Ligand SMILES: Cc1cc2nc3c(=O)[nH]c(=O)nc-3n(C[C@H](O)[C@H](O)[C@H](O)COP(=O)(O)OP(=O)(O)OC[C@H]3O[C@@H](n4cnc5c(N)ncnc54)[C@H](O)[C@@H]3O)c2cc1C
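What follows is one chain in structure tokens, specifically the form predicted on its own.
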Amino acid sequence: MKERAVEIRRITQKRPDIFLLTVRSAALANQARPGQFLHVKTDECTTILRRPLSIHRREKQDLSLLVKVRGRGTRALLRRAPGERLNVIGPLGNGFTLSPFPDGGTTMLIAGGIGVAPLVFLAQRLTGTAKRPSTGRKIALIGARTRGEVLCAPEFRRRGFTVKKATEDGSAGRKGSVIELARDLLAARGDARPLRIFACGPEQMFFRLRAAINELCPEPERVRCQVSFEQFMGCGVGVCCACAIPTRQGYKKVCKDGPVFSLHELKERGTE
């Protein structure tokens, strides 16, 4: 995958530690699929390693990246200006698989914190490319620490999703984690109608989600669930193995084999 120099169109502050970085590249926009990422060179001197950033949204020739400020690299990105050129590699990785889904089923998106980043692009694709409107239910569950940290609820609503929130302090929606909110909804379903889940967040969130599916769904093996990893990466192209995770088929690389995996194929660390 070759490097590209793309133009920075906008940098929009969403919260003190969250900003939206929008770049223009018709080639990248045409190739990008929900769940893929760009490997971004933050600047020429602050950091050596690139930063993997999920593709958050696509608008014609523009791609937006939702960035959480974590250290020197992401702070360097925030100092860039519209009109500058940004060096990126991508789109990289295997994204979400959007196979045909029966009418009457439920699509559930589950976002933990900044894990909301790839799910907006996914919501765009789920609602924007269907040949006919789905008769199923679409729900987006958003988890955060406080009301002020809930991200992207309007974007999901605009795409026809019912939005439900969970905050650790109870300031918005259900008090508790987004997985506790998911458990509530799974317990209330009470049937085996088709269900597909797409989730992104901290790794431990996935195993709590799998436990909830196994416990509360009448036929857990029939629930289609894909999860997108937030993971440290070195090279981003499968060479350095810094992002390897255990699966039922052995170790796989998040950057090349993922970042999206079937929930059922994952193994919890320490149980290999």
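All of these numbers come straight from a predicted model, not from anything done at the bench. From 1 onward, residues are counted along the sequence shown.
Although not depicted, the form predicted together with this ligand is the subject of the following passage.
Taking non-hydrogen atoms only, residue 247 never approaches this ligand to within 4.5 angstroms in the predicted bound form. At least one heavy atom of residue 230 is located within 4.5 Å of this ligand in the predicted bound form. Although the partner is absent here, residue 70 is a contact residue: one of its heavy atoms lies within 4.5 angstroms of this ligand in the predicted bound form.
Using a 4.5 Å cutoff between non-hydrogen atoms, residue 63 does not count as a contact of this ligand in the predicted bound form. The single contact residue among 51, 33, 210, 57, judged by any heavy atom lying within 4.5 Å of this ligand in the predicted bound form, is 51.
The contact residue chosen from 109, 122, 179, 117 relative to this ligand in the predicted bound form is 117, the criterion being a non-hydrogen atom within 4.5 angstroms.
Contact check at 4.5 Å (heavy atoms) against this ligand in the predicted bound form: none of 95, 204 and 261 pass. Picking from 101-109, 179-187, 157-165, 70-78 the stretch near this ligand in the predicted bound form, with a 4.5 Å limit on heavy atoms, gives 70-78.
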